[in-house]
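Only one chain is shown below, in structure tokens, and it's the form predicted on its own.
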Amino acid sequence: MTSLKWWQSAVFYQIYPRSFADGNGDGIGDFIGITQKLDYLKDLGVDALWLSPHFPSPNWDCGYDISDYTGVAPEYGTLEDFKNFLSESHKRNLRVILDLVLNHTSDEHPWFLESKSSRDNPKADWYVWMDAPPNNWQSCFDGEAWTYVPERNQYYYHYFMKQQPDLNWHNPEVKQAMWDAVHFWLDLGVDGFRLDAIGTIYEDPGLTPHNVPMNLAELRRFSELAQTDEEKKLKDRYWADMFKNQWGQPGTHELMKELRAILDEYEGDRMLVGEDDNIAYMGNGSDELHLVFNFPLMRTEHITPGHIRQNQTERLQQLNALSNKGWPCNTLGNHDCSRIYSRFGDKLHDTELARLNVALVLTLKGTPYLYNGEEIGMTDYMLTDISQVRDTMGSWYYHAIVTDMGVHPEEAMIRTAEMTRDKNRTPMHWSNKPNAGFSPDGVETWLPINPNYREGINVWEQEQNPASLLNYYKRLLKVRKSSSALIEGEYTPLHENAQDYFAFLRISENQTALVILNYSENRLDLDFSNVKGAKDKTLYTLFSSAVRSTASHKAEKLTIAPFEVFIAEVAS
């Protein structure tokens, strides 16, 4: 196997700390709980952990409103608990990257409290202040993007909610303070960072207004009700136009180069992955971010062979065009979107599609990212009462459409449950005991537990069942880890007009692997004898989700079962 960096060969697993494991029985996940589950993660077969924010926060945005960049939220434990978690992870050869929120702080951060206290404070210019709202910009979460502060008789800007004021990155003192925080965690030994919302760091210097004839709540409502193709196209255009002057502005690339240079000072190949799909943030391939997410892969209602092929053609061409060839990064889910099982299911073959889709992420060229709970088939859980909602964006929307638009509370709650991120952040199901083994019986968990944990959607029961989704994940991860082709091999699409199945080769110096993902309920009789390198070759099964009577097959006569995942080594 060639000398890939660790982050190129690793499979990442995202942990949402509040919902992963409750170690002290208070209904909230914490570092004691996460540390207790490290053997589970090692046994699962992942190599690296991405932690959503663990910093002190008022939790207006579930931790993405940070009040101390070098601390640990008390509900998660202490800094010593974090250090123990990091040490125990490294003992198991599990790397750890943290969420780094560069765009904004909490409005309770000491920096902002000083900045808002007066126009003469030493930190007066650490945020973006104006005497009056200069435009009609919207916060992407909750309405107007400018909020008044009487102490200064001025307005501050916030791309996200008003409790998340934007930092002024044009101020070198801000930059230095943030880089000091980066050094703090790198000095402790963390292996890198996932960078939150990097496109929002700088705004249009001309403060150009948007031209959408509605506010954010009205646009959300318009999007929900859009039916015709014309309305859907208009909806997409309005979303782009509303925020185009608040996103992707000049200055970010220079900032990413500075941050990359800091990481490059450290041993151990520390890495950066951006919450963005713009390959431009990778610079020349070696001077900005190491990875950006392939979000276009998941921006579809249905995962189909045609969609995958088009995505891979476009994505790999862009990465290969970088002067230092870029490395792909694939995912289908995270804490901000519906769970894979719910989002890409068809209500009829949800289980089969879930197995196909994780196989897709784990066999495409690039670094895979998985989200906690996907390995046991956790689904979205639709809340039924506004009092249950913890996602402030959801509660804001509920009250906006009830109060301002006259929507009936019952319909408003249905819409809120659909759009809020609470649905995919519910606590992890560890067993079929009360509270799904996440917290002790009788403890109220921070979000309600999805009751379907009693239906076998939990770790304990699936560990006992060889045919479970969890054991399927383990087998698939083991095959990937032992296959040089699946880790480093180049990608070659096959049978490119096929509508039922997606077939491709992964070719490394030492191995060629054939991957077939049958997205249909049809049995397929396939012929790969005309594929370069496969003629007169034997296919030796590395993995199959179907029952197969033999371990070897001829390339010219290969039968694939409905919804089968088939991976084989192409050999003489």
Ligand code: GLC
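Only a predicted model underlies this, so the values are computations on that prediction, with no experimental measurement involved. Don't overthink the numbering: it's just position in the shown sequence, from 1.
What comes next is about the form predicted in complex with alpha-D-glucopyranose, which is not displayed.
Chemist: Although alpha-D-glucopyranose is absent from this view, report whether Glu203 comes within 4.5 Å of it in the predicted bound form, heavy atoms only.
Modeler: Because no heavy atom of Glu203 falls inside 4.5 Å of alpha-D-glucopyranose in the predicted bound form, the answer is no.
Chemist: Tell me, yes or no, whether Tyr64 is in contact with alpha-D-glucopyranose in the predicted bound form, where a contact means a heavy atom of each within 4.5 Å.
Modeler: Yes - in the predicted bound form, heavy atoms of Tyr64 and alpha-D-glucopyranose come within 4.5 Å of each other.
Chemist: Is Ser439 part of the interface with alpha-D-glucopyranose in the predicted bound form - any heavy atom within 4.5 Å?
Modeler: Taking the distances in the predicted bound form, the answer for Ser439 is no, it never comes within 4.5 Å of alpha-D-glucopyranose.
Chemist: Is Tyr472 a contact residue for alpha-D-glucopyranose in the predicted bound form, using a 4.5 Å heavy atom cut-off?
Modeler: Although alpha-D-glucopyranose is absent here, Tyr472 would stay clear of it in the predicted bound form, with no heavy atoms inside 4.5 Å.
Chemist: Of the options Glu288, Glu275, Glu352, Asp107, which one has a non-hydrogen atom that comes within 4.5 Å of alpha-D-glucopyranose in the predicted bound form?
Modeler: Of Glu288, Glu275, Glu352, Asp107, the residue with a heavy atom within 4.5 Å of alpha-D-glucopyranose in the predicted bound form is Glu275.
Chemist: Would you mind picking the one in Arg315, His495, His335, Lys123 that has a heavy atom within 4.5 Å of alpha-D-glucopyranose in the predicted bound form?
Modeler: By the 4.5 Å criterion, the partner-contacting residue is His335.
Chemist: Only one of 235-243, 335-343, 176-184, 124-132 gets a heavy atom within 4.5 Å of alpha-D-glucopyranose in the predicted bound form; which is it?
Modeler: Going by heavy atoms within 4.5 Å, the stretch is 335-343.
Chemist: Counting heavy atoms only and using a 4.5 Å cut-off, do Phe160, Asp196 and Arg421 all touch alpha-D-glucopyranose in the predicted bound form?
Modeler: Every residue of the spot touches alpha-D-glucopyranose in the predicted bound form.
Chemist: Select from 117-154 the residues with a non-hydrogen atom within 4.5 Å of alpha-D-glucopyranose in the predicted bound form and write them out in sequence order.
Modeler: Contacts from 117-154: just Phe141.
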